[in-house]
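Below sits a lone chain in C-alpha cells, taken as the form predicted alone.
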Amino acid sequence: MVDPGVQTGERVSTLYRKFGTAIYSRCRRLLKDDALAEDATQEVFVRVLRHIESAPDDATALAWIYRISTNYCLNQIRDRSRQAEPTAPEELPEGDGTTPEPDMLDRDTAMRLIKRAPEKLQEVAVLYYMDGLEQEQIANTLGISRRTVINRLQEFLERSRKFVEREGVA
C-alpha cells in the first residue's frame, strides 16, 4: 500500500512542475516584483498542499490554482496599500470625470480602482482589465456564470465611476 502522504506530495510536485511557471508569472504580473512573486508562488503551493484533497482533476487544476494565486496576490496588494500612505486624489491619473473606462487602459489606475473594490469584484476586474480574459474565460476560471461576471464588472464600473466623480478627478 502506498502512503497517502507520498501520493499527496507527488500530486503537489506534479502540479508545481506543470503550473509553477504560469503561477509565478501571474504573481509577478500582479505584484510587479520578482522576489514577492517568488514568495507568493511558494505560498500558493503551500495552500495547494493544504487543500489538495479538494483539488480538481488536471483538466481544471490550473484554473483552481490560478484563482488561489489571484486571491493571495490581491490580499498582498490590499495589505501593502493599508500600510502605505494614501494616494492623494491629485496624484491619480486624469480621466474624463464621468467614466473610468478610458483609464482602464492604464494598469496603475486600474489597480488603484481595483484595490478600492470589494473582494468579489476585485477577482473579476483583475482577470478582465489586467489579464485581458474574456467574460466566458473568467466565468470558467472562477466557477461562476457569465451573467455573474457581467454583473460584477458592471458593479465594479459603477463603483469606479462614483469614486472618480466623488474625488473630483478630472
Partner chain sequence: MNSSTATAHPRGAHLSSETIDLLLLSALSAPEANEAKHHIDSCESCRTRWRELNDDKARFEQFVFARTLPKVEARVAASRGSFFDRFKLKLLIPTLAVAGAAAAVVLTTGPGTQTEDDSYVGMKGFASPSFEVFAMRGAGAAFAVKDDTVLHPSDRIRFVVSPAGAKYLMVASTDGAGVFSVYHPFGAAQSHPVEGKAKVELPGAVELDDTLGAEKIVAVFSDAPITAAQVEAALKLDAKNPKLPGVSFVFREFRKATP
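By rigid core we mean the largest C-alpha set that fits within 1.5 Å across both forms. Fair warning: this is a prediction, and the values are worked out from it, not measured in the lab. Numbering follows the first chain given and starts at 1.
Quick note: we don't show the form predicted in complex with its partner chain, though the next part is all about it.
Undergrad: Although the partner isn't part of this model, could you tell me whether Leu142 comes within 4.5 Å of its partner chain in the predicted complex, counting any heavy atom of the residue?
TA: Yes.
Undergrad: Is Arg28 close enough to its partner chain in the predicted complex to count, meaning some heavy atom within 4.5 Å?
TA: Heavy-atom contact with its partner chain at 4.5 Å: present for Arg28.
Undergrad: Might Ser13 be said to contact its partner chain in the predicted complex, defining contact as any heavy atom within 4.5 Å?
TA: Output for Ser13 is yes: heavy atoms within 4.5 Å of its partner chain.
Undergrad: Should Ala117 be classed as touching its partner chain in the predicted complex when contacts are defined as heavy atoms within 4.5 Å?
TA: Heavy-atom contact with its partner chain at 4.5 Å: absent for Ala117.
Undergrad: Looking in the predicted complex, is its partner chain within 4.5 Å of a heavy atom from each of Ala59, Trp64 and Met130?
TA: The answer is yes: all three residues contact the partner (heavy atom, 4.5 Å cut-off).
Undergrad: Who in 30-48 is close to its partner chain in the predicted complex, meaning a heavy atom within 4.5 Å?
TA: Read in sequence order, the residues that approach its partner chain (within 4.5 Å, in the predicted complex) are Glu38, Thr41, Gln42, Glu43, Phe45, Val46.
Undergrad: Please state whether Leu153 has a C-alpha shift of 2 Å or more between the shown form and the other one, with the rigid core used for the fit.
TA: Result for Leu153: no, shift under 2 Å.
Undergrad: Hey, does Lys18 budge by 2 Å or more at the Cα between the shown form and the other one once the core is superposed?
TA: Shift at Lys18: 2 Å or more after core fit.
Undergrad: Do you see a C-alpha shift of 2 Å or more at Ile65 between the shown form and the other one, with the core held fixed?
TA: Passes the 2 Å threshold, so yes.
Undergrad: Just to spell it out: taking the C-alpha atom of Asn140 and the C-alpha atom of Leu15, is that distance smaller or larger in the predicted complex than in the structure shown here, given it changes by 3 Å or more?
TA: Note: Cα gap between Asn140 and Leu15 widens in the predicted complex.
Undergrad: Given that the CA-CA distance for Gln137 and Ala59 shifts by 3 Å or more in the predicted complex, does it become closer or farther?
TA: Between the C-alphas of Ala59 and Gln137, the gap narrows in the predicted complex (3 Å or more compared with this form).
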